[in-house]
Ligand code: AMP
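Given next, in structure tokens, is a single chain: the form predicted alone.
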Amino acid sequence: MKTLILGSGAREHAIAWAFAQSRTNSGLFCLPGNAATAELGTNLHGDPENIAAVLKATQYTGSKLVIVGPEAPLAAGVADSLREAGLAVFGPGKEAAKLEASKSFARALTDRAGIPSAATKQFIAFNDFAAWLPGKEGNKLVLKKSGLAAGKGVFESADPNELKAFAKKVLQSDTVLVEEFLEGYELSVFALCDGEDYILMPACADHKKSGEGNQGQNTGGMGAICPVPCSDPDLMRRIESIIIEPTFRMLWQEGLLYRGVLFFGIMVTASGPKLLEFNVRFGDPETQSLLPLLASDAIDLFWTVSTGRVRELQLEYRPLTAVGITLAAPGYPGAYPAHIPVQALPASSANALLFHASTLRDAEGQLRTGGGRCFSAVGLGQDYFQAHSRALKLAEAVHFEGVWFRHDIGRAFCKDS
């Protein structure tokens, strides 16, 4: 089967890597892809948000299946236009994509469904926010940009001046949501849905903070572990009962066709699981740790979901642990230099996989970075310690100026007793 993957990140590289191993792969195309996807298939020039360019690419390549990796093309309605053209598409339409594109929309839906989540208040004017804030000193609050923010639209602080500075910037163009700060640990739960039925994949744990011990600024994700030891069957059944099932029931009641993967960001608190957010696509960096554990054929998975036959899925997973470590550019998640020459890059192996994020090669063939998060080093092992050791060894072998990464991904979940 000929397939077109939209996007250029490490998530899309991981999807392309999984597809390249499929017995039914007869042509793999990425728009725009990166330096590593070019070695697995054919990269195409173009903007994934440009509907005309994407439709032209499917005609040029003869692709029958389109995987929409990032959220922005989904919010732009790319999936709707592709389906109208008769193509199988992995990703929801524009209206359903508002679950991520508008946190205000998502919060209203979850309130109607009675889904447990953080107490929330919304503001559209800075003066109203500033008038509400006094008296909240000493209490950590979570501020969120309602619209898309590439994983960096969340700010936590107990400092009124910091909170006002963030809110003022967001409110220049968007709504800001103020949420209570929840204590606990986070899980990323992915549900494959065809519009009528869904099936859950193993839970992952993303690490959003920039610093060791989950300190520092929020990022798009500094690594992930899969599976998560504490996501036992009892916990997953409870999450499904009070969060996942009510969400899909509300989507179906309101006529929102959802075909693709729906990400549930869950905070497991002392009083039970609570919903943090939705994403309408696979997470990054979670995908890089999840897909290497998939024993089933990847193209079968994506095709079956995209053509409305989730009930037929019988997914199998390798009995391993995966630990992924994100390698970032100096300055990230703040300002960072682009196109840094990569001086050393280890080869992937069966148990140590290196996924590229927006890398490119210049006219002389020099590999260069292309964003703030540059690579994902993923180790596979019989347990956390073996997987983490392999991921760390792989990460340490990557060299470019200013490269940095967290050394403790997954450690809080897998302390040696």
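These numbers were taken from a predicted model, which means no experiment stands behind them. Start at 1 with the first residue shown and count on from there.
Form predicted in complex with this ligand: not shown, discussed below.
Next item on the list: Please state whether every one of the three residues 180, 186 and 277 places a non-hydrogen atom within 4.5 angstroms of this ligand in the predicted complex.
Entry: Yes.
Note to self: residue 259 versus this ligand, in the predicted complex: is there a non-hydrogen atom within 4.5 Å?
What the structure shows: Because no heavy atom of residue 259 falls inside 4.5 Å of this ligand in the predicted complex, the answer is no.
Note to self: Test of understanding: in the predicted complex, would residue 267 fall inside 4.5 Å of this ligand by heavy atoms?
What the structure shows: Judged by the heavy-atom cut-off of 4.5 Å, residue 267 is in contact with this ligand in the predicted complex.
Next item on the list: Classify residue 218 as contacting or not contacting this ligand in the predicted complex by the rule of any non-hydrogen atom within 4.5 angstroms, answering yes or no.
Entry: Close contact exists here: in the predicted complex, residue 218 approaches this ligand to within 4.5 Å, heavy atoms only.
Notebook entry, point to check: Looking at the partner-bound form in the predicted complex, is residue 94 within 4.5 Å of this ligand by any heavy atom?
Noted result: Taking the distances in the predicted complex, the answer for residue 94 is no, it never comes within 4.5 Å of this ligand.
Next item on the list: Have a look at 109, 171, 293, 154 for me and say which one sits with a heavy atom within 4.5 Å of this ligand in the predicted complex.
Entry: Looking at 109, 171, 293, 154 one by one, just 154 meets the 4.5 Å heavy-atom criterion.
Check: Which listed residue (118, 236, 310, 250) meets the criterion of a heavy atom within 4.5 Å of this ligand in the predicted complex?
Finding: Going through each option in turn, the one that passes is 118.
Next item on the list: Mind telling me which stretch in 136-144, 296-304, 228-236, 86-94 gets its heavy atoms within 4.5 Å of this ligand in the predicted complex?
Entry: Only one stretch qualifies here: 136-144.
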